[in-house]
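Only one chain is shown below, in structure tokens, and it's the form predicted on its own.
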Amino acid sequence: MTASLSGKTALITGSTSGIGLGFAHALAAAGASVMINGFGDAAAIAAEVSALAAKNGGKARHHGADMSRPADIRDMVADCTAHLGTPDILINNAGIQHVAPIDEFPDDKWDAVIAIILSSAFHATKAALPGMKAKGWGRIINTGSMHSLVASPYKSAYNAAKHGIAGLTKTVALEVATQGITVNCICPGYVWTPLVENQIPDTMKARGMTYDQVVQDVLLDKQPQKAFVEVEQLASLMLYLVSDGARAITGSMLSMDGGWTAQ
């Protein structure tokens, strides 16, 4: 569904694990130079960079920018430009989660979720767009969620941030519609990643449920297929969106949700 991405540079935030890392491997396999971003064990990150470089001829790099810090984000884009090339493909994927009733929701957790999901996408897009405009080609993909479209209780910050990502996607798509740049939002249902797994204990506490009850009665309750979305499935959609075949798709929310929104 996509031609070779040789000669293109991709920057993926929040990509040392989960969906972002899956995107990075798919892009590297298609020939793109890839910069990953995120925290984690240094040796494990170095191993992933080596694995990515083995797929695309040595063009892989990691930047440890803190997505809550705008200056870090600007430095990351500059570092990508200096060492791999101006980002042609930007995937705003960084995210964290906190689960609690709104009247018990810690202020610092609200601020962190909004900063890392929503504000980071603004700052990364702002920094990367001039290079795309200069080339007359670019692809921006925001990792949204079904919570960009519908809400779930006890996730006020996450729901607000992901709804904000939807609005940001549409706005930027309109601004650059005639400049060879597309901007889209992939909205998955529940994907089995560390972010999802790590929210289970908080959901157990908030709802008074067991681990299995959270998985079956909360996480998969809205997904008629009763199965988690796979990272590889999302990566296939991402590769199509960066292809020339998808150049008329922009400002769109693309759901991959096991039937969630068919209900």
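Everything quoted here is computed from the prediction, not taken from an experiment. So that there is no doubt, residue numbering starts at 1 and follows the sequence shown.
What comes next is about the form predicted together with nicotinamide-adenine-dinucleotide (NAD), which does not appear here.
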- Query: Does any heavy atom of Thr143 come within 4.5 Å of a heavy atom of nicotinamide-adenine-dinucleotide (NAD) in the predicted complex?
  - Reply: yes
- Is Ala51 close enough to nicotinamide-adenine-dinucleotide (NAD) in the predicted complex to count, meaning some heavy atom within 4.5 Å? no
- Find out whether any non-hydrogen atom of Ala65 is located within 4.5 angstroms of nicotinamide-adenine-dinucleotide (NAD) in the predicted complex, and reply yes or no. yes
- is_contact(Thr193, nicotinamide-adenine-dinucleotide (NAD)) in the predicted complex, heavy atom dist at most 4.5 Å: yes
- Which among 131 to 139, 92 to 100, 167 to 175, 77 to 85 is in contact with nicotinamide-adenine-dinucleotide (NAD) in the predicted complex, heavy atoms within 4.5 angstroms? 92 to 100
- Message: in the predicted complex, does each of Gly18, Ile116 and Lys162 have a heavy atom within 4.5 Å of nicotinamide-adenine-dinucleotide (NAD)?
- Response: yes
- Could you list the residues in 26 to 55 that come within 4.5 Å of nicotinamide-adenine-dinucleotide (NAD) in the predicted complex, counting only heavy atoms and keeping sequence order? Asn37, Gly38, Phe39
